[in-house]
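Next up is one chain by itself, shown in structure tokens, the form predicted alone.
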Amino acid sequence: MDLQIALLLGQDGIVNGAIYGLMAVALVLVFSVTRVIFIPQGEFVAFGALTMAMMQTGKVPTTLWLLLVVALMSLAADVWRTWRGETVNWGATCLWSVVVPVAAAVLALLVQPSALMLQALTTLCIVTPLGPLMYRLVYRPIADASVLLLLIVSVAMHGVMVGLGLLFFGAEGSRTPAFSEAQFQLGDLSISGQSLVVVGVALLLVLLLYAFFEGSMVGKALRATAINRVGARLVGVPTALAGDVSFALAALIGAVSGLLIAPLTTIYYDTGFLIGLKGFVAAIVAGLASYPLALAGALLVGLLEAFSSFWASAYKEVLVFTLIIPVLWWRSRSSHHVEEDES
């Protein structure tokens, strides 16, 4: 391996690591706030990329109809809860079940955007509310269940979303145009503008999330819920709304990741699972708790994958996923087991 090949592999590793880092941050966020190991996180990547690709062909995205159906189901569920005398936050219900889905429908059906950035905005409006709506319909009724039960439900939701992806988008893969067609030359190394867009947007998202958690009341409420759900509930933090916000951020991060990676590789209906799984490896490196460690783990996964593709391409996935074994062994030796107590 000469220096030029090493630089090319390093570039690929950093770009892939940026996407895995976003996945890892979303997984850590959802787990720390809701205790859900969110297996379907990668499906938001595929839904985001293929929704955008469908708009590129001039069609109305089928994910829009999924959004409208799920929004109606969530609205009906909250009406039922109100009828049974349960407390419902109608502000959040109107936002996720009415306002955002209507805005998405107006953009997709009436505006029918042709500009790339407006199509990206429409995609985010369609995919992002699917996160909190899924939480309201599936996870909130079992929010106090064990982590194992929540994991089993996540596996089931992964199967459902992959099946819907095949139904909506078909078995053929798609790509979308790059957000930047620029090419830069750094010595013998050629760097594409889209690669810089991926890394730049990933860094910007991480900085915005840091500012959100450190500077806003909602972010601080999420941190409080992540540290101690019962304690947060006792001091008045609405943990159900914290679940809404964490799933919305996870879906937004997944959709943005799909928009970023679709110009670089062909996306199929089930591509998101492998991407999400590599983000999960990075999140495990961080113990599903530390955002900086999750980002470092994602960079490690990206570089390991890139250099493995050169030395042993047939085993690159094996090498990446084998990384999880020594990490789990080390964590089992260095941390104390704590019985779950969330009742």
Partner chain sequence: MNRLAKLGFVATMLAAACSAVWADINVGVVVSTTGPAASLGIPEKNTVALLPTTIGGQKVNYIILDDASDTTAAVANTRKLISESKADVIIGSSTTPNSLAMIDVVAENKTPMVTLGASARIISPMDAKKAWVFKTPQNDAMMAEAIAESMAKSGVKTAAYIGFNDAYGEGWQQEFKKAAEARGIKIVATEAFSRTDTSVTGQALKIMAAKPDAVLVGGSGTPAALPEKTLKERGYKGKYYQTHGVANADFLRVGGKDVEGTLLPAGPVLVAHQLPDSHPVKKSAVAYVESYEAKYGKGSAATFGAHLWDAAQVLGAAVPEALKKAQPGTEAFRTALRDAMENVKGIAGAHGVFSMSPTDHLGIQHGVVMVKIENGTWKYTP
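Residue numbers count along the first chain shown, from 1. Given the structure is predicted, the values throughout are model-derived calculations rather than measurements.
Unshown form predicted together with the partner chain; subsequent notes refer to it.
Visitor: Does each of D78, W90 and V98 have at least one heavy atom within 4.5 Å of the partner chain in the predicted bound form?
Guide: Negative, none of the three is within 4.5 Å.
Visitor: With the cut-off set at 4.5 Å between non-hydrogen atoms, does I5 touch the partner chain in the predicted bound form?
Guide: Because a heavy atom of I5 falls inside 4.5 Å of the partner chain in the predicted bound form, the answer is yes.
Visitor: Going by a heavy atom distance of 4.5 Å, is Q56 a contact of the partner chain in the predicted bound form?
Guide: No - in the predicted bound form, heavy atoms of Q56 and the partner chain never come within 4.5 Å of each other.
Visitor: Should L295 be counted as a contact of the partner chain in the predicted bound form, where contact means heavy atoms within 4.5 Å?
Guide: Taking the distances in the predicted bound form, the answer for L295 is no, it never comes within 4.5 Å of the partner chain.
Visitor: According to a 4.5 angstroms non-hydrogen atom cut-off, is I261 in contact with the partner chain in the predicted bound form?
Guide: Looking in the predicted bound form, residue contacts with the partner chain include I261, since a heavy atom lies within 4.5 Å.
Visitor: Look at the stretches 78-86, 263-271, 112-120, 197-205 and give the one with heavy atoms within 4.5 Å of the partner chain in the predicted bound form.
Guide: Stretch with heavy atoms near the partner: 263-271.
Visitor: Which of I275, L27, V33, V301 has a heavy atom within 4.5 Å of the partner chain in the predicted bound form?
Guide: Checking each option against the partner chain in the predicted bound form, the one that comes within 4.5 Å is I275.
Visitor: Pull the contact list for 308-332: residues with a heavy atom within 4.5 Å of the partner chain in the predicted bound form, in sequence order.
Guide: Result: S309, F310, W311, S313, A314, K316, E317.
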